[in-house]
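First, one chain by itself in structure tokens, the form predicted alone.
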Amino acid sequence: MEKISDVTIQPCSSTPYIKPLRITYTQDGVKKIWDAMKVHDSVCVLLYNKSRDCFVFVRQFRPAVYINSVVTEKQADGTETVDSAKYPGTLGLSYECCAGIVDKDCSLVEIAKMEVLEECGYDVPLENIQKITSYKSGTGVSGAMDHLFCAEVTDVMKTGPGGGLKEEGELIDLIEIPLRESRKWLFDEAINKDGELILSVLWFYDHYGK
């Protein structure tokens, strides 16, 4: 997963997942410009394995995390490159809750169930998936809606290997963090984690810590 090479950076006009935008508007009589992105909303599921008394997270290489952790070099043709021998792929590894974009004609909880099965291999009954909250994320860039869920699972529910959909290029590791070690791990700044993971785990402590 962390074996990264031939890194180049080029302009992006649009993809099926993001659409860069330049927004112009007048606020209190002042003309303003803001650059943003139109993106999909998402679901995120915190998994707690009751059989093992641990959280189940996913770990994957995130190019955006990587590129914000390195120094790029400008080339003669205008592109930028990264010396991957100097900056290893481990800089872009991120620990996250199971998650996916909202791009299917299904309910949010059904999408959450699909993502858990694809990424983590657990076939979770819909009634086991509990809503935590929804909130706006990336308010300075995207303003998309993230929907957080929590699901209690057991080893009996593990029906597949997980790891994501290979045909879509997903390469995902499953990481188990014992509950007794999770507080120290959660605030270890040397480990890349997103805000959804931190928020959902703190919610878990608040609701189930006793």
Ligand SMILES: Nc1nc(=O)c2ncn([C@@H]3O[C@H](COP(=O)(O)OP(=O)(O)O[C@H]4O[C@H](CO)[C@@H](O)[C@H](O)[C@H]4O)[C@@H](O)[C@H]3O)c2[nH]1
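Residue indices: 1-based, along the sequence shown. Computed from a predicted structure; not experimentally measured.
One more form of this protein should be noted, the form predicted in complex with the ligand, which is absent from this view; the next part is about it.
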Partner proximity in the predicted bound form: Met114 to the ligand, non-hydrogen atom cutoff 4.5 Å:
no
Would Ala99 sit within 4.5 Å of the ligand in the predicted bound form, counting heavy atoms only?
-> yes
Just to confirm, Asp35 within 4.5 Å of the ligand in the predicted bound form by heavy atoms? no
| query | Taking heavy atoms and a 4.5 Å cut-off, does Asp173 contact the ligand in the predicted bound form? | reply | no
The listed residue (Glu181, Asp155, Asp53, Glu168) that reaches within 4.5 Å of the ligand in the predicted bound form by any heavy atom is Glu168
Testing 60-68, 155-163, 173-181, 25-33 against the ligand in the predicted bound form with a 4.5 Å heavy atom criterion leaves exactly one stretch, namely 60-68
Checked 27-50 against the ligand in the predicted bound form; residues with a heavy atom within 4.5 Å, sequence order, are Ser42
